[in-house]
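Each of two forms of one protein chain follows alone as structure tokens, named structure 1 and structure 2.
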Structure 1
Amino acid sequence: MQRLSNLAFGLLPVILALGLTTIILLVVGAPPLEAYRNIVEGALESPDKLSSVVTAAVPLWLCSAGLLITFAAGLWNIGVEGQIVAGALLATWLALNLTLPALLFTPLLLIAGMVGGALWGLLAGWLKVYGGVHEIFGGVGLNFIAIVLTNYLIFGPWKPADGATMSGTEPFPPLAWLPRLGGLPVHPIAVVLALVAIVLVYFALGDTTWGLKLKAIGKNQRSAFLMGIPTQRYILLAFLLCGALAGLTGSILATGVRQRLIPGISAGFGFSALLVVLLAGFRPVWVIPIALFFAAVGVGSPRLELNMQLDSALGGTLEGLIVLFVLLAQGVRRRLREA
């Protein structure tokens, strides 16, 4: 009976989201089955598309791994978008000003991204711990600052020789590009790093004293403090680690996906990762397939615009509806248990 209940509460939100999306398609006069077919084919029809799905999943994996840490401590790290940007900024500065062999340049740029993101995350943590600023407000403010700083650098000190445009900075030297797998748009180093990050977070939160203490802070910060846990240090460390993984994402986006810094380099991956973690129920194992689903919808949705003259944002609508109905189902289930 318990298994049937788990299955029902797992499938019902997806069915409801698909049903509501189908209604939207019918209202605008579009055949739902053709729309879904276009999304699936747009994501899976060729090795190039499959590689693009994996490439789009990497930022979600990395940011989700970081967010699992801050969520374990009871923290809503909305500033993950700014931390992505901070990592991309520091990696860009090195890429534009250094020339090294690729064997040294690639790890240096990735480490630089982690350092940039970690410092930006630590700033959000410092504002919360010592400034009394809630992490949501601090994160939103730091996101805005990171975006403004990026635009200033692109249209100011880092503008291309032929003039500043929305295309971003000059392309990085090829030695600074993250290696790809043959001619496919996928970066093996990035994939490995993202999956390793999720595995490490899984074991750190589930099988270590550090993880248990972090969860204790998330359950009740005051009680954890009275038990002797250095809550401020743990909170700062959670922000630092999450920022490091977000900054690594920024470095990968700049050196691998774009080979330059562009406005909006974070591309909303930080906010999408929040949805992934919520949909996964804060379980690291489920982050991997759910992020792949989000990536597949994102890669496949542009086919709606090309073939059916529908806005590609419909894919994002489907993702958002699934998350909404999952959260509603979790709330209903909690109420039934308490009744």
Structure 2
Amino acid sequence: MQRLSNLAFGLLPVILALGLTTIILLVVGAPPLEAYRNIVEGALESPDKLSSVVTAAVPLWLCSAGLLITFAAGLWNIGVEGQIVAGALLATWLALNLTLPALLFTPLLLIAGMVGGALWGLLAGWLKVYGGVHEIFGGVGLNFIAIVLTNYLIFGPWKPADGATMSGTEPFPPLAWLPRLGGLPVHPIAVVLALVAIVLVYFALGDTTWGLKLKAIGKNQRSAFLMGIPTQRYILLAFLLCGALAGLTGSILATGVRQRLIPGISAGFGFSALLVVLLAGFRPVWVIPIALFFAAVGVGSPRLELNMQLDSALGGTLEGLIVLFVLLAQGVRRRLREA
């Protein structure tokens, strides 16, 4: 009975979301089945596409790992998007100005990304702890500022020799590129780092006193403080760690996926990661498959523009509807249990 109810409450929101998306497609006069077929084919039809799905899952894995930490501390780190950008900026600065052997260059650029993201995250944390600025507003503000800074750098100091365009800086020197797996668009180092990050967060939150204290702060900051936990230091550390993982994402996007800095380098991965973690119910294990699903939808959706003249935002709509219905279904279930 319990298992049946689990299954029902797991599937029902997905069915509702698919149903509503289908209605939306019918409203705009597009054949729904063909749209879904395009998304699925666009994501899964070739080894190349499958590698792209894994590559798109890496940013979601890394940012979700970071967000699991900040959510454990009861923080809404909406600034993760800007932290990705900050990491990409610092990595780009080094990639454009240094020449090192690849064996040194790659680790240095990844660490630079982590430092950039950590600093940007720490700034949001500092504003919260010492300025009373809620992390949602600090984060949103810093997101926009990071984007503005990127555009300034691309159209100013870092503009290519033949003139600035929306396509970004000049490509990095090949020594700075994150190595790929054969000819496929996937970076083994990035995949390993992302999965390691999730495993580490899983154990840190589940099996250490550090994680226990962090969760105590998330449940009730004041009583955690009264119990002698240095809450401010823990909150700052949570921002720093999440920022570092987001910044690592930014470095991977710049040195691996794009091999240059472009405007909008974060590509909404930070916001999607927030959805992934909400959908996973803050459980690290669930983050892995859900992020893969989101990545597949993200890689498959552009097909809608190519083949059907539909906007690829349909994929994001479907993801958002699933999360919304899951949250509502959780509420319904809780009320039923109480009744």
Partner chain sequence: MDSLLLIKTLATIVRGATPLVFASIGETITERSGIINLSLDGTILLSAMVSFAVAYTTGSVILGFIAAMAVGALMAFIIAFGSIALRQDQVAIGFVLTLLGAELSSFLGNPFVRLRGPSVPHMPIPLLSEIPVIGPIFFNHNIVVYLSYVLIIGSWLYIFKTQPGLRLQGIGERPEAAFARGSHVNLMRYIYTIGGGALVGFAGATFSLSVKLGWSHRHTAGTGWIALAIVIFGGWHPLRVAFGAYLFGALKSLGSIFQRVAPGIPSQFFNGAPFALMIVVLFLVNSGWLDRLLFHLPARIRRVVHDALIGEPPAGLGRVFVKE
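Remember, it's a predicted structure, so these values are computed and weren't measured experimentally. Residue numbering: sequential along structure 1, first residue numbered 1. Superpose the two forms; the largest set of C-alphas matching within 1.5 Å is the rigid core.
Enquirer: I want to make sure I have the labels right. Is the form predicted on its own structure 1, or is it structure 2?
Expert: Looking at both copies of the chain, structure 1 is the one that matches the description.
Enquirer: Can you give the CA shift of residue 309 between structure 1 and structure 2, in Å, with the two forms fit on their core?
Expert: Residue 309 C-alpha displacement between structure 1 and structure 2, core-aligned: 2.7 Å.
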